[in-house]
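The chain that follows stands alone, in the form predicted on its own, written as structure tokens.
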């Protein structure tokens, strides 16, 4: 039996603001003098009952308001890195939402410097490698994304890729085709959330208009057989987030999650935690959940781990080293 916590894995779909545990939220609220609409940690945790993506985002952005200083972002990121390593993460590609902080008056540099300092320290302490992905909020105008891309020039060397997140329905990838074109011209890799609550058409748009290397979520691809064929043929990674899909009512229960069908269809599906502080578990917990509820075999589990490194933005030598770690456990 494979130890799902020790199993080497890459996390490719993780919002650093979504790792904000209630205890740290309250600690920073007190330190920064930012009041919260909840009397204590437990009442905040009790509010984590979401009816859809938007109901989650409303609370997510409210909690984010206590993040003010470089030290805050450092502590947030450091806490995630420590948890991730204990759950077998060898490499993490981390989303952050600069627009959510810029509109609160927090400098772009404050956010990036705090996050990257923590990631640098984590690499020195634990060997965890990482990349940073800057996401545009799709429910804001495309012009705001252009302005954010311009702001990012001061920290261009610390950001590998751009992505697209937040409220999906009614905000198709096509809205951001031009800004993604400009980002690619500046040397950024591209990824995008698509096919979570939005239709398969959004996945087509992400591939054809944004020219993404990965699809984040993508669970609704199974509704379109031609799309499945394309994703399989092109080996396009799908960064699936099982616990998130259940908590946001994309699927009813973990036992009904399409992950196993995605694997059986030959898709490069991966398992990730999305916003683990809000959705009930980090990446190892997600692996344990789907392994039990979907009756995954050891071969399925190994495929998911291998897929995570196949889909990661790492060089071939590093990828081979991580894959060798998996094989050493699966003998």
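Positions refer to the first chain, counted from 1. None of the values given here were measured: they were computed from a predicted structure.
Below, we refer to the form predicted in complex with hypoxanthine (HPA), which is not included among the displayed structures.
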Can you confirm whether 11, 89 and 306, the three residues that make up this candidate site, all sit within 4.5 Å of hypoxanthine (HPA) in the model of the complex, judged by heavy atoms? no
Choose from 32 to 40, 260 to 268, 290 to 298, 56 to 64 the stretch whose residues reach within 4.5 Å of hypoxanthine (HPA) in the model of the complex, heavy atoms counted. 56 to 64
Determine whether any heavy atom of residue 190 comes within 4.5 Å of a heavy atom of hypoxanthine (HPA) in the model of the complex, and answer yes or no. no
Wondering, does residue 166 line up within 4.5 Å of hypoxanthine (HPA) in the model of the complex on heavy atoms? yes
My question is simply whether residue 72 lines the interface with hypoxanthine (HPA) in the model of the complex - judged by any non-hydrogen atom within 4.5 Å. no
Under the 4.5 Å heavy atom criterion, name the residues of 256 to 282 that approach hypoxanthine (HPA) in the model of the complex, in sequence order. 274, 275
